[in-house]
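What follows is a single chain, given as structure tokens, in the form predicted on its own.
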């Protein structure tokens, strides 16, 4: 049980003994440290229930808290807000428990099997800045859930069945008409692709531009997409090879972002189960024909906004995103039977997933106790407040964004790093940290402005600031080891700088719990910045290695080790690597 949870439970017992039936006590970090380190606001809630003066209730609780040696400076503010601080002795005791095992101060949720759908790259297209947020947020949420003991499965869910398949295959047919897969008597023979992954960067854009100007070509691209969905041998073989080529590049970019997936599955994987799923829906009387298409109503009586039906098969027999997304859930439930499925996708897809989720529940594909969660995210914007673009106004690719930030981090590297490869690797690591940390600072669903210069700075709330501070802590501890200094436990507290670090350390569990419950990482980015800043204030005030008081020096070194361990833990959860120097 965590430090915070233990105190909350003990205060709940006190309230129960006083005759107040309360299910949960909440200990809040105070924004008025002059009054106390923590605040309890539950007297206000109890006053409404028991029809009493809140200050009267608070006073009765206060008298009991004063009997507990763990609490100091217990007082009441306003109409019944209880403030309290923690004694030095209890702080030391609880902080030392975290040395043994970080899980001694972590509250683990009920264990569940969770599938998290994130990434969502489109095969044969360039990854752009819009793909960053899904991969970055999704990976961090997956790592957070895994740290909390959940059985977690990440699926990249590639977009490999949309119109881009038809566009790219049509473009290939026009450029390389003699490919064997285009012959009418093609029997599945193997062949070599005449293109590289670099060629794909312009094949789709040029093909897309052509079909926009030519209705006949658009019709042909749609027909090829339909044929791929229905298993046409030649087009499927070509698309398989193009997909493999594209996925190799996609993997390389995701790996650089530290985004990993247990499943590399796409929409096409559902083609085998879609007929079975549609048959199930038809037998349950949920499908009907509208203008030749198979659709399903998902509106509910309680809806106060229009909820259109979900289209599952077009009049020409082609499938849509709603079809493949519902079939993906159908397949996942049969294969994995998860307790929850999380979708880390753009806010603008909320209506689509609302339709899909309703269809899944209404059809019985998903049981009512299985949670389907839409975790929408906002847009990364440039310094002009508009979606991030290149200098010529085009969509910024993800590799180009990394290069752009890398130019800034290169300028700020320590000049003593002269080896070209080392310099390149360190700068790249710092650039990735700058992008990833900045992307996780805002609450998940909000838009934000990304300034490459600001977020690559070594000062302020940035990834490089955290890395630099973490490296300095490592250096300090390495010097202590070289001098054979021992640091096993905290023995004493000198002043408020020490105490502030310890309080931040012990607030870790509640922060992690909030991040997990809100499915956002801003709680963690705020916490690691606050913890690191509290340590840096302490560091600037004390010469740790030169301290003559043995107990105090050991305590300071242990605090350094604890902050370092938590920083490394949280950086790992956020998917950020830390170089050895910078």
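Numbering follows the first chain given and starts at 1. Remember, it's a predicted structure, so these values are computed and weren't measured experimentally.
This protein has a second form, the form predicted in complex with a small molecule, left out of what is shown; the following refers to that one.
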Notebook entry, point to check: Among 117, 122 and 157, does every residue place a heavy atom within 4.5 Å of the small molecule in the predicted bound form?
Noted result: yes
Checking 360, 172, 345, 224 against the small molecule in the predicted bound form, the residue with a non-hydrogen atom inside 4.5 angstroms turns out to be 345
With the partner omitted here, the residue among 445, 397, 87, 349 that in the predicted bound form has a heavy atom within 4.5 Å of the small molecule is 349
Partner contact check in the predicted bound form: of 319-327, 482-490, 190-198, 281-289, the stretch with a heavy atom within 4.5 Å of the small molecule is 319-327
- Message: Taking any heavy atom pair closer than or equal to 4.5 Å as contact, tell me whether residue 294 reaches the small molecule in the predicted bound form.
- Response: no
Do residue 353 and the small molecule share at least one heavy atom pair within 4.5 Å in the predicted bound form?
yes
### Task
Indicate whether the small molecule has at least one heavy atom within 4.5 Å of a heavy atom of residue 133 in the predicted bound form.
no
